[in-house]
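The chain below stands alone and is given as structure tokens, in the form predicted alone.
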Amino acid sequence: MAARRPIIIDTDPGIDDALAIFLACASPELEIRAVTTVAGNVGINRTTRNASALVALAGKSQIPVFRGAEKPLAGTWSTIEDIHGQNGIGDATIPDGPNGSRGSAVEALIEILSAAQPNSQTVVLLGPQTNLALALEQQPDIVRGIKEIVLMAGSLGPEGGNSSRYAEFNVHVDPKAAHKVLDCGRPMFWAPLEVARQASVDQMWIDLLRATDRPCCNAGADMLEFYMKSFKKPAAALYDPLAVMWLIAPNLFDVTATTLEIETADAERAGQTRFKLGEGDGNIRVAVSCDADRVRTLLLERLAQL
């Protein structure tokens, strides 16, 4: 078997974050070095508690969890409990993890990336990009340890946002951080809103997930049913799992090189992602579509193993 790909998951769990964490834990191709938390979908205390609980439920209590930024680099944001529930995971009941936080997320990022071999670590950003931006600001040299930055973030359409008319939530919460991460120059893969929505799951798929009668599947089914009710739609988009799916099955995506600008100056358009598809040298790539049926099938197969 090929060597596992070392990753750091930076996340704000979050229902879709929870499914992404489960998928990563169920994927032998990946070595999760750490989970770092950030305020986003809910506040930092809750995202940290959730991250610890989720890795424990997946049987991976040994994965260290680190508590990160409690607010964006500039300005304020609003949590979205109406979408994710008061506890951030659809009000699903899962036991707290035994370990909690091991310390500062920014310090953990600096320590892991400073000690890493050049171009060896993948940073998976599933929430606002504040932690990595702070780490790069405090110690720019850590960039040498990064092989790739993989994100669920942004929208292909300049007016295709979900947090505002112009911006996707993860970028909208902290546009300044997203701009700083983009400017670090490391290779990036973006899974945008439009592609995640292609891989939406309906009640029939959720019933199949629950029928496996595995702990993470039952919890995931509860969360997704809450998600569907929140959006008042017959299906729920698989947002954050798409970033992890890229790491284990890149053949399921149609990808193109792109250049990218992130709006930080205009308050109304803050966080807008302006992709210019087909341009650039390939250092930044973005998914433009996915094989939704195979994504759903692989996700179900993997979660059933936990």
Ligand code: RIB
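What you see is a predicted model, and the numbers here were worked out from it, not measured in a lab. When you see a residue number, it is the position in the sequence shown, counting from 1.
This protein has a second form, the form predicted together with the named molecule, left out of what is shown; the following refers to that one.
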Taking heavy atoms only, is T36 within 4.5 angstroms of the named molecule in the model of the complex?
no
Just checking whether Q203 would be counted as a contact of the named molecule in the model of the complex - the rule being heavy atoms within 4.5 angstroms.
no
Within 4.5 Å, heavy atoms only: does Q86 come near the named molecule in the model of the complex?
no
Hey, in the model of the complex, is L126 touching the named molecule, heavy atoms inside 4.5 Å?
yes
The unique member of N162, N99, S120, Q198 whose heavy atoms fall within 4.5 Å of the named molecule in the model of the complex
N162
At 4.5 Å between heavy atoms, only one of the stretches 277 to 285, 51 to 59, 237 to 245, 27 to 35 reaches the named molecule in the model of the complex; which one is it?
237 to 245
In the model of the complex: members of 158 to 180 within 4.5 Å of the named molecule, any heavy atom:
N162, E168, F169, N170
